[in-house]
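Consider the single chain below, provided in structure tokens and representing the form predicted alone.
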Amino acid sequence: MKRFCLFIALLAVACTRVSEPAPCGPIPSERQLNWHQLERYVFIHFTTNTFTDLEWGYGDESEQIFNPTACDPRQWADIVSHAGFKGIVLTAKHHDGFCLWDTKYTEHNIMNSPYGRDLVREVSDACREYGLKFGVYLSPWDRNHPDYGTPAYIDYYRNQLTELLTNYGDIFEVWFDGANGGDGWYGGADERRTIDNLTYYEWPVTWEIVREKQPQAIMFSDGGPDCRWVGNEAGFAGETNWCTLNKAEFAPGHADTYALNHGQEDGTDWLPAEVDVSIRPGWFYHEREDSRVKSVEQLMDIYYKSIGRNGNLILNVPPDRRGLIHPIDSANLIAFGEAIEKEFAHNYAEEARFEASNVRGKARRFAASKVAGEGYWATDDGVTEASLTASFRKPVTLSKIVLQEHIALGQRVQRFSVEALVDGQWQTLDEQTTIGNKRIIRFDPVTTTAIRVNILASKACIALDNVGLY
């Protein structure tokens, strides 16, 4: 999608004396701002489960079962990049404990399989070749390791995490799952190994390893510390979705799914939502699901309900037993990327004249720039209700509007509406709550000579840096 920035000469930081608004509440770090800009990337679930036809392995699977006959991470990266996704997060170790890299801490790894090569390295190399970001998933739970549930396992886990963070180049995201043995699950030897997941993992110590080894990496879990689970695996964020959350109330495996789905308006920390969903019913490849791969229409609906509701999308695309992305998954993923490009190919905002009811610095009218500038629409301090109108010389037909707040200064908008001028009368198209990094509003096609965005309530003065009309 071509980004369109409202460019207000009076407010462009590089060339004016107009003061910026003060930050409002928690604000994102540099690493979080970079993460927001990625918007969508792919999950790759691949382990012994692919060959046992399971979703969660027991940990007692032989290394010999992992035998992809034509595994090609370059094929994965090629498809992902052509579909417009920005990165790959690989399950380096799932709950079964089988490791996809040449780890020195367990024999239960890929080097003892018929494949016999470091797959983490091959995927990281393929990502760099195709200009993709690379991330890793390392399950805290391990149904294979005999020390799981004891302090010795935590040392093992951190040692493996350190290997992944130091031997494979830049890591953009580290994925910490919440599943663990504390809910009565059994290990490979059928012993019950119960833990208190809130205290056992000592997460702050583990997070410091990531901060030291990969300072720009985003860490995902139910409670962050950088981005949060959206509270479901169905592919949607809440229509109200705040980037803020009370981080102290959450931890991996400890979640209030409603709060995770909607965020908390007065949350203490910037903790935006990541929407995880699979292109298939399961997370690992199963031949029986070949007829149930999500269609382009289903994927587009997910797009609008994830990225279009202020979240990032991580879409799982599991390789088959050959080690290749299946042709059905590949075709639908690429068609999904093409559909996004088609939907947002023409931005009518580039042809509009904008007028605001209030602009910081007292100006009211300004031209829309066709190139991204450093400016954004902001109102005077204390002005928390205002309107922005885009007018056209001749009627245009629209069905979508994209709104983005200037989130570097926090998330502010609490309620807004969108109207269209039709035959001289303003008609309400929609009324919603939050905007955040990106909000996409869909409506029935309307032929209009003007669109008006009304900010009806905001936590502080308005700061909006993108309006797109499609």
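Note that residue numbering follows the sequence shown and begins at 1. Here the structure is a predicted model, which means the values were calculated and not measured.
The form predicted together with a small molecule exists for this protein as well; it is not shown, and the discussion that follows is about that form.
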Contact flag, Arg40 vs the small molecule in the predicted complex, heavy atom cut 4.5 Å: no
Ala179: touches the small molecule in the predicted complex, heavy atom cutoff 4.5 angstroms: yes
4.5 angstroms heavy atom contact with the small molecule in the predicted complex for Trp56: yes
Touches the small molecule in the predicted complex: His406 (any heavy atom, 4.5 Å): no
Heavy atom within 4.5 Å of the small molecule in the predicted complex - the one residue of Glu122, Asp96, Asp320, Asp276 that qualifies: Asp276
Contact assignment for the small molecule in the predicted complex, among Lys438, His36, Arg412, His45, heavy atom within 4.5 Å: His45
Glu239, Tyr304 and Phe443 each touching the small molecule in the predicted complex (heavy atom, 4.5 Å): no
Contact segment among 245-253, 276-284, 335-343, 106-114, judged by heavy atoms lying within 4.5 Å of the small molecule in the predicted complex: 276-284
